[in-house]
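Okay, so here's just one chain, in structure tokens, the form predicted alone.
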């Protein structure tokens, strides 16, 4: 159901959508059943002239079963939801795949700062590219993110990824995502934690790009002196490998 409103844009989005669907169908079934029975009782046992009201204490076996049977059925539904939740939680939060690239995300009142690995593909080096309210990633690439906040609690929310992770001051929280190539384009990033009077305006944009588009963006945003250094380092490394190979 969610996919009809917001596209699935990550490798684990379908698992989260399935969990939402199961919860919706199970809760919806019991809601309709109980509400329907409630309306039935309103009309079936409405006040009538000359008919005395019945006072039911719930002490007979039949009356107890009317409560206990639905109770155990609902508990069974809860168990199904808990088991599915455990597997989805493990896949999204616990099982951290080996990353192809990393990105640093910093939240502050009221903007997002993103630090992308430069041409060397390594985060935390001189050629990192910093942007404000723009996150650029490659489709089909496994990313590990480092999330932090500089002032108050924020929440990094990417609807198409079905991703929402709180950012807590004083902590670095890690997570992952892998964008599907079906969502190449521009998408919303939101703050999902009330963080001050400009919380509603703390939005950013996610750019999911092809490898070629991403390489062009990296090249366009890398300073010329770093481009030269990167090319020189690559050439030196290739020369060493050629000499080693004889």
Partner chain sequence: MKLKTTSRSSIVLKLAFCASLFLVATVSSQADERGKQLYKNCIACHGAEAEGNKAFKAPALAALSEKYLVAQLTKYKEGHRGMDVRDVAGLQMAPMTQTLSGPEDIAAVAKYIASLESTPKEATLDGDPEKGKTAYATCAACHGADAAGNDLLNSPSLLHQYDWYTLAQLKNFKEGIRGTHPSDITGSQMRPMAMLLADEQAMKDIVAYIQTLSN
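Fair warning: this is a prediction, and the values are worked out from it, not measured in the lab. Positions refer to the first chain, counted from 1.
Below, we turn to the form predicted in complex with the partner chain, even though it does not appear here.
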Partner proximity in the model of the complex: residue 115 to the partner chain, non-hydrogen atom cutoff 4.5 Å: yes
Even though the partner isn't displayed, in the model of the complex is residue 33 close enough to the partner chain, meaning a heavy atom within 4.5 Å? no
In the model of the complex, residue 108 touching the partner chain (heavy atom, 4.5 Å): yes
Can any non-hydrogen atom of residue 130 be found within 4.5 angstroms of the partner chain in the model of the complex? yes
Given 50-58, 195-203, 175-183, 23-31, the stretch touching the partner chain in the model of the complex at heavy atoms within 4.5 Å is 195-203
